[in-house]
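Coming up is one lone chain in structure tokens, specifically the form predicted on its own.
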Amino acid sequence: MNLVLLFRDDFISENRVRLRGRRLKHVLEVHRAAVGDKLTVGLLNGAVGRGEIVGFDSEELEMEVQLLKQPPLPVDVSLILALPRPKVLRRVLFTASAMGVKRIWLMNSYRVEKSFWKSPLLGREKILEQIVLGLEQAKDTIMPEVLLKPLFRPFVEDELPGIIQDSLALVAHPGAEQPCPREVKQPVTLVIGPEGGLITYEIESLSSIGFVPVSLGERPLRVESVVPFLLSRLF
């Protein structure tokens, strides 16, 4: 935890917060903080600053906080993922959040198992848990939006044309002839398929509305590797 993420409910006065639960445990056991120590803090969807510990016990901790600067800038990408396996989803959400992605869609694909859509990890609280961990890692405070799209065709035909407006639309696809570009200076809409890639029909559907299939090279990579690889390459 490189930043203690604060919520409005944590404030007991204008500049004082009270922490319990996971954050209290982390501050005491990992940071081994004591009264007078200062930690990096940030208000959800707000500014970043410093918090000085003024008191604690085994149940709660209080800090005086000053929020002085804005969080890091986001990357200008709309990330669209074929829903990965639940355990992989946790890692991908953490990574995307830590790398500054603020718009994430989880869509269906032929190779996405139906059981994935019934996973409890798709619940709002479970998604929020991984996103918060990513924000804390990156000293960020701006909450990403995660949307679920369990029907491929209506999403591609009815919603994606609007999403990709004024952006470079790319779909990572094994065997594509065109290499993925580097250091793009414009907004990007990026589609990443499931393990094994999107099927021909799905690639053709995306291409018909303006997506360009791009290759990452000869080495097949897992989804949790593709996400940071592409984000680092593009931005």
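Everything quoted here is computed from the prediction, not taken from an experiment. From 1 onward, residues are counted along the sequence shown.
Here the subject shifts to the form predicted in complex with another copy of the chain, a form of this protein not shown in this document.
> Check Phe235 for me: does it contact another copy of the chain in the predicted bound form (non-hydrogen atoms, 4.5 angstroms)?
Result yes; Phe235 sits at the interface with another copy of the chain in the predicted bound form.
> How about Lys139 - does it come within 4.5 Å of another copy of the chain in the predicted bound form, if we only consider non-hydrogen atoms?
Looking in the predicted bound form, residue contacts with another copy of the chain include Lys139, since a heavy atom lies within 4.5 Å.
> Give a yes or no for Thr95: in the predicted bound form, does one of its heavy atoms lie within 4.5 Å of a heavy atom belonging to another copy of the chain?
Thr95 belongs to the contact set for another copy of the chain.
> Does at least one non-hydrogen atom of Ser225 fall within 4.5 angstroms of another copy of the chain in the predicted bound form?
Result yes; Ser225 sits at the interface with another copy of the chain in the predicted bound form.
> State yes only if every one of Arg103, Pro187 and Ser207 has a non-hydrogen atom within 4.5 Å of another copy of the chain in the predicted bound form; otherwise state no.
Negative, none of the three is within 4.5 Å.
> Just to confirm, with a 4.5 Å cut-off on non-hydrogen atoms, which of Pro154, Pro150, Pro86, Pro74 contacts another copy of the chain in the predicted bound form?
The residue from Pro154, Pro150, Pro86, Pro74 that makes the contact is Pro74.
> Pick from 95-103, 114-122, 76-84, 160-168: which stretch has a heavy atom within 4.5 Å of another copy of the chain in the predicted bound form?
Single hit among the candidates: 95-103.
> Is any part of 179-202 within 4.5 angstroms of another copy of the chain in the predicted bound form by a non-hydrogen atom, and which residues would that be?
Contacting residues: Arg182, Glu183.
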